[in-house]
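Take a look at this single chain, the form predicted alone, given in C-alpha cells.
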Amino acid sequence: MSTLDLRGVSRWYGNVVAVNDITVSLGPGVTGLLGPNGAGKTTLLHMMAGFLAPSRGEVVLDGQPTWRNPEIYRHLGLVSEREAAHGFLTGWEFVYASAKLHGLSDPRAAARKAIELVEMAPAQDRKLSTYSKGMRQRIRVAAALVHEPSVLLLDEPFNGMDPRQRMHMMALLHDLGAAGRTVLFSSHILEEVEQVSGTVQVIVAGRLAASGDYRTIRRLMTHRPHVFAVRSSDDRKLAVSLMGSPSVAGVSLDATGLTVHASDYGTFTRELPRIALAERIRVRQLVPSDESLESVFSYLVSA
C-alpha cells in the first residue's frame, strides 16, 4: 500500500498559474479527479507522476520525491490523456516492451497477465494502428499495469470506450482499489466518477475546491438548501406541518408527492420523524434529490 502526498504544490507558466497551493494525501482506494477544462487536472497528474517539477511545494510517494527520481516508476503507473504508442507495434509487443523496460524477471508472463486483465488477448497480435480508440486505451492501461504498481494515475481513461468496455474498466479500477492500490483517475463525465468512486478531489481554477466523499461535501454546504423528495400517507397534511419547522425553507406539493427545501440537513432529518409521529402520518420515502455528484460539482464550480 502506498500514499501519494502533495504538500503546498503550485505550478505556473510565466504569469499563468495552472495549479495553486494544493495539499492533499491520496491513499489506497479509487479517487476521482474532477474539474472544468483548463482547471489544472493534467498538470497535477504530471507532477504526481514526476514528469513535471512543481514551481513550489513537493510531491512525494511513500516519502520519496517524484521529481527526478526514476525509482518511483517501480511503484507507479501512468496512462496519460495524450496517446504515445507506435502504431507499427502489436498490442503484445507494446505491453511486452513495457515489461522489459521495467526489468521484470518474467516479462512474458507479466505482459500476458496484464493483457488478459484488460480483455485484449484476442486482439494482442494486431497492430496498434488497427485498434479503435477504446482498444488503444485498454492496451495502454495494460502497459501501465504490467509491473503491478501500487499507484495508478489515469488521465481520462474511458475516452473512446464503448459502454461494455467502459463498464469493464470501471470494474477493474474498483477491484484494484479494493485490493489496496492507490488509483486516481480524471474524467469529465460525472457519471463515470460516481459509479467508480464516491471519493473525489475537485479542482477549480487551479485550486482544490473540495476533497473527500461527495455526499459528505454536499452536506457541509450549509449555505445551500438541501432538497428532499418525501412520500407519505398524507402529503398535504405533512406539508402544512413542515412549514412550521425552522429547518424547512420551502415545501411544494404535486401529484408525485412533496419536495422539501431544508436549510439544515441534520435538523430536518431529526425533526421529520417527530412531526410525522405527532401528526400520525406514515413516511414512506425520504430521498435527498440533490446529493448527486453532478449537483455537488455544479455548486462548487458556480461558487
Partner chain sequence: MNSTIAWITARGLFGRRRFLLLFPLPLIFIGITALAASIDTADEFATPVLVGIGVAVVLPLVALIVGTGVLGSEIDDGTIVHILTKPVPRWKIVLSKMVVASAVTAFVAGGSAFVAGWMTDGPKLGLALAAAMVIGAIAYCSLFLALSVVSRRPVLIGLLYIAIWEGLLSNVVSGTRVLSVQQYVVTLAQKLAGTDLLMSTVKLPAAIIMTVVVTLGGLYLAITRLRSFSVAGETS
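What you see is a predicted model, and the numbers here were worked out from it, not measured in a lab. Residue numbers count along the first chain shown, from 1.
The next section is about a form of this same protein that is not shown, the form predicted in complex with the partner chain.
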Open item on the list: Can you tell me which of 272 to 280, 259 to 267, 31 to 39, 240 to 248 lies within 4.5 Å of the partner chain in the predicted complex, counting heavy atoms only?
Closed with: 31 to 39
TODO: Establish, in the predicted complex, whether 78, 89 and 101 all lie within 4.5 Å of the partner chain, using non-hydrogen atoms for the distance.
DONE: yes
Task: Interface membership of residue 121, the partner chain in the predicted complex, 4.5 Å heavy atom rule - done: no
Task: Proximity of residue 162 to the partner chain in the predicted complex, heavy atoms at 4.5 Å - done: no
Open item on the list: Although the partner isn't part of this model, could you tell me whether residue 191 comes within 4.5 Å of the partner chain in the predicted complex, counting any heavy atom of the residue?
Closed with: no
Open item on the list: Taking the partner chain as it sits in the predicted complex, is residue 172 near enough to touch it, meaning that at least one heavy atom pair lies within 4.5 angstroms?
Closed with: no
- [ ] Would you kindly say which of 116, 213, 125, 71 lies with a heavy atom within 4.5 Å of the partner chain in the predicted complex?
- [x] 71
Task: Sequence-ordered list of residues in 52 to 68 near the partner chain in the predicted complex, where near means a heavy atom within 4.5 Å - done: 52, 67, 68
